[in-house]
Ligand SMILES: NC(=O)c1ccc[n+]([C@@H]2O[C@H](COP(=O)([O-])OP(=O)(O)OC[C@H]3O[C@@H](n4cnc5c(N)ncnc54)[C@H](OP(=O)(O)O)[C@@H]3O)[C@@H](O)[C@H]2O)c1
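In the block that follows, a single chain appears as structure tokens, in the form predicted alone.
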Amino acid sequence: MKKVMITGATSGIGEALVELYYQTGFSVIACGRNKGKLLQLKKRFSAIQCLQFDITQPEEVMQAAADVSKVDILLLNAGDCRYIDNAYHFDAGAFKHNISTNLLSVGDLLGSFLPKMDAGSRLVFISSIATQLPFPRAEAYGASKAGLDYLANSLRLDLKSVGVDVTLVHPGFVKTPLTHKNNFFMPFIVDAQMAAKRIYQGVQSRKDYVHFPRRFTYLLKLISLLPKSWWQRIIIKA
């Protein structure tokens, strides 16, 4: 039985992934910092292993790793989004929070769990389609996800020698507690179950790159090819 470890497992895409992998016969390690929500997951899916730790605390990450002997799929899903509402009065705290949660924590997770992955295993990074174009108020979130993209694409090259593959995932808008606070139009938004299904299918097909919904991702890629003044006008207006 293959073992999948999922961070950010207590809500949104992570919770949907726990359910899907459990139902398809995987041994699941669900990771989160909320003990109550982990207990609820354990009641729903009794055979899963739950690890309670905060990904931004290196000591907790190392302690959690001591309870894991092997991982076949490491699905790095946990993250957060804080917007920069006034770029001129730049919110350094929000910037540091996003970088720490979405990017720096990944280094600690890789340091502790990557050595537990053998040839044929797979690293999965949940990034964002927001890295395709700069968006207003997304300076902190976009920068953290752009860094994650580079990390994933670079690791794919260096990990070939040990047989560990890498999948980079670019979701569009997904209905989760994270997007619930958004007060702007979110085109082609999908639910967490659909997002989990797309990720699962891409990983099972051993794809290097997964993006969805394609109507939205292809639209953004097309807009990015326009002259700069054109796409800037479109993004700001939208």
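Start at 1 and count along the sequence shown; that's the residue number. Everything numeric in this text was worked out from a predicted model, so none of it was measured.
The discussion below concerns the form predicted together with the ligand, not included here.
- Residue contact check: V28 to the ligand in the predicted complex, 4.5 Å heavy atom: Flag for V28 set to no.
- Answer yes if any heavy atom of Y200 is within 4.5 Å of a heavy atom of the ligand in the predicted complex; otherwise answer no. Answer no; every heavy atom of Y200 is more than 4.5 Å from the ligand in the predicted complex.
- Could you confirm whether P213 comes within 4.5 Å of the ligand in the predicted complex, counting heavy atoms only? Result no; P213 lies far from the ligand in the predicted complex.
- Message: Would you classify S11 as touching the ligand in the predicted complex, given a 4.5 Å non-hydrogen atom cut-off?
- Response: Yes - in the predicted complex, heavy atoms of S11 and the ligand come within 4.5 Å of each other.
- Message: If the criterion is a non-hydrogen atom within 4.5 angstroms, does every one of M5, Q49 and A65 touch the ligand in the predicted complex?
- Response: Verified in the predicted complex; spot residues all out of contact, no.
- Could you work out which of T101, S121, T167, Q132 is the residue within 4.5 angstroms of the ligand in the predicted complex, going by heavy atoms? Going through each option in turn, the one that passes is T101.
- Report the stretch among 122 to 130, 67 to 75, 157 to 165, 84 to 92 that approaches the ligand in the predicted complex to within 4.5 Å, counting heavy atoms only. Of the stretches listed, the one contacting the partner is 122 to 130.
- Message: With the ligand taken in the predicted complex, which residues across 31 to 60 come within 4.5 angstroms through any non-hydrogen atom?
- Response: In sequence order, G32, R33, N34, F53, D54, I55, T56 come within 4.5 Å of the partner.
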